[in-house]
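Two forms of the same protein chain are encoded below as structure tokens; each is given separately, as structure 1 and structure 2.
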Structure 1
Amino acid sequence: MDQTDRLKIAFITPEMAPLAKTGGLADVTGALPKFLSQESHLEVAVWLPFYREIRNKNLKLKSAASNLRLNLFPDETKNTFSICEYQADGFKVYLIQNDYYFDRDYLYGTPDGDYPDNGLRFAFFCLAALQSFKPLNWWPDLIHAHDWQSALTLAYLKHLLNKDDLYKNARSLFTIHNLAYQGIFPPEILGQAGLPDYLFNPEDMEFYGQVNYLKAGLLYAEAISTVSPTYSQEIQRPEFGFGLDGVLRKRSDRLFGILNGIDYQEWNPATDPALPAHYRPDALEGKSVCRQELLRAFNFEPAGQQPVIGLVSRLAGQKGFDLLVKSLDEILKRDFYLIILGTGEKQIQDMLIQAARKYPERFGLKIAFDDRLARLIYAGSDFFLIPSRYEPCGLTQMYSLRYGTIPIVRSTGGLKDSVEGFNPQRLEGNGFLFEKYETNALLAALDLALSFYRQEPYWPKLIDNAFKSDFSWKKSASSYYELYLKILSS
């Protein structure tokens, strides 16, 4: 197929692994374009802010355009940008460079709180991304925007650039990775972002007296997707809707749920350079070496035979730490090691630090963002715990399964769609689930899981089932491709 015949898809996203990451969104936008680009009919490019985190990586970059301006603000430093180009595996990444907005220590804010100008920072990013198509001479057939930070692209397309023929033909898909984060700002932000005042009404971007960026994505995109089939249903109910379930119900005929995948090349216990030893389903000795190394890293007895339960997570309300900490006295009556790696909200951090002090022989805690250690935890643990209150998809259960580690998860969102409860009679299933967000439910799942630990014939079969679970991107990438075609033909 001729290059020019290929459908062009522009990913607009605030994160992309390995360049800039705070959570699973980055893994998805780092991997999905790579797998879509293998499809001969598609050409994908990604737009991302040029954060300090990326600058510090000293990547090989090319200048693609410079001295561009938006004319939103009178102040030059807040108005101009350049575009740097990075060649990723099979696709290009265009980095929007404005040092005033993006050359900062963090992506969204310090541990004490969000940057106060996030509304402007991501309005700038969205408009700059759209206005870079001309200088780059790259016009997408479809714009695929991710989460609230990219949602204003849809508002700009529909309400600012709609008279421009070049933009008029672009179709759009908005993906919700997490409905809880909406980008809510005071009413003045509309004018400051260059959007018309008439959008401040309940049928548009107004939301309880404020402006809601995510709502623009939900209303103005031709289709909406979210990252698991179960979550696509859950968010249409008030308990999971964070005030937007009504909007989503209205658009339910254009709302799709596609389960995320993981990159099986990047995450492979047989080759992962972060691991002290490698292993595969038919040769598991390396997993024991990883286990010992993990116990050593947390100053536990490396030869300890008790089960190791790992957890790697953003420290956020969503992830179920209140339930975990509340249940700890009961949980730690059982004989196992609990190892947690996480970073995020200070309150959860403090709660965990206190709990770890109380159980130094059994509970290992590291407050950090550390990809290497995360991989050692996926590999070296026997079980992996995810007690989330809600979980749009969740990737850590998929990484665990890929590394032969058995997930114990709350049955919600994508966790429900990817973990199948173990059935000891039929020797089927790859993990353990619990329904109620309660200590007793968590304990029951934990006890059931522990009862099979190193027990023949269950344990080898469980590990085998984990390895056989398939969350490669192949399936999900083709679902996105089909969705793109559906949007383009409607």
Structure 2
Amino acid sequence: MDQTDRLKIAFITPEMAPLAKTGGLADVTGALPKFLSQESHLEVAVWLPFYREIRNKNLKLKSAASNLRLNLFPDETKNTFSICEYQADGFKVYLIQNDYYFDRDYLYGTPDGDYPDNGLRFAFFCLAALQSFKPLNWWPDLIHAHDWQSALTLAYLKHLLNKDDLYKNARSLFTIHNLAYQGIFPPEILGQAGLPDYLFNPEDMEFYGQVNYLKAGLLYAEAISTVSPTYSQEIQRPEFGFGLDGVLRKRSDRLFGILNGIDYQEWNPATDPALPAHYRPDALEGKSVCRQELLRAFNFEPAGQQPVIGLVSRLAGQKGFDLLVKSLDEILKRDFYLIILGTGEKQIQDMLIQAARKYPERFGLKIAFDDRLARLIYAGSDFFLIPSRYEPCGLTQMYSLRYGTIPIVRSTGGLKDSVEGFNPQRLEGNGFLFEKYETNALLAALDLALSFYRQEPYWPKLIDNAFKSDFSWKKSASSYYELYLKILSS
């Protein structure tokens, strides 16, 4: 392939920051196209459902196409759609508008559970995205689909649109952001989504008597990527494979791990508007101000000399909260402040609330999604704790390093790929890791980290190493570009 040609890459994704977000997937699909678009050989566009959350932002949109029809359903409200265009930073976003499916309070479901028609909602989105190429006169060289909500694009390309010359030449990449979420639906969803019944077999989309959307992405994409090199190995084992490890082992020659990045312009302690004071590696006074402000926010003594350990997370078992809650009595025997921000599973929230009442002088808790406070925690903490059971990539350790805050993490997935254990002899490494998912291992990592706190020459060097860690998107985007070229030339 002539690399001087401008390659067209279509991102198909269920969420994208800052337009619509529930988690880290949105951060990736918001940042990666921006950095890929800086590559002169690439033209990137993103396809996204037009959710109510986006409508409420009152963005400057223009109509790109209207009254398009899928003919999957007899009811006109369920089969027509329009396309709105939004100009993002360096790339266009095409919003698939169908109010019946997407004009709802939440992206995937209410706090009580998923929407019962999610199988149809995202089948509609995938097929509408593919069929929008023609009215937009925009034909991609490569389709890059993300997570189970976008996986049916690969099934449609292979089993519904495969006789159409306009789609035949498009290559594909499917990215797994979290294998635990797979999109599993009853068998009749195949027919309702316009896919052939013969796909209901174990070699295709059947999965223990159900239909698995994510499996379609794994089987039908030309290549598969996931969000860290270690996670790409872990998901081929039963412990992390969620029933799909066999499929992934079969496709291991087409499975690639590329570590996510973060946007160093957006996450910058020298300019972050959420912080009460700014700072740089060579001028850290502002970090002390952030620390004092953080302690005040949780009614702790701002002049306290004890270390501050922060944690910003979804409050879920995957994130290590079953281990953390079980270990809290032992953890809080140590002399530091623990500050946690997040929302999640009610049982975990209730146990954390109980612990915060028991240890009001050392444990600060806020059950909320609060971006401003999260940034203050990244900046004002001394250490940042991530005890995840598994972690495909993780971004919070990258944010903490960017803000000169030392991560203490479990050695799994992207955490293992981005945090290097501190070596006091060589003064190398940017954090602390523990292997076993158990209280004693977590406590040992905490004790080791605390032993270096404000100790010369170790503590200044740890902070310096944190600031020098490079997890900018520029590096990751370059790896994706190389993978695109590999797929297109194979």
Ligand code: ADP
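Just so we're on the same page, residue numbers count up from 1 along structure 1's sequence. Throughout, rigid core stands for the largest set of C-alpha atoms superposing within 1.5 Å between the two forms. The shown structure was predicted, so the numbers you read here are calculated from the model rather than taken from an experiment.
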{"item": "Which of the two shown structures is the form predicted together with the ligand", "value": "1"}
{"item": "Rigid core superposed: residue 135 CA moves 2 Å or more between the two structures", "value": "no"}
{"item": "Core-aligned C-alpha movement of residue 194 between the two structures reaching 2 Å", "value": "no"}
{"item": "Per-residue C-alpha change between the two structures, residue 317, threshold 2 Å, rigid core fit", "value": "yes"}
{"item": "Per-residue C-alpha deviation between the two structures [residue 355; rigid core superposition; Å]", "value": "2.4"}
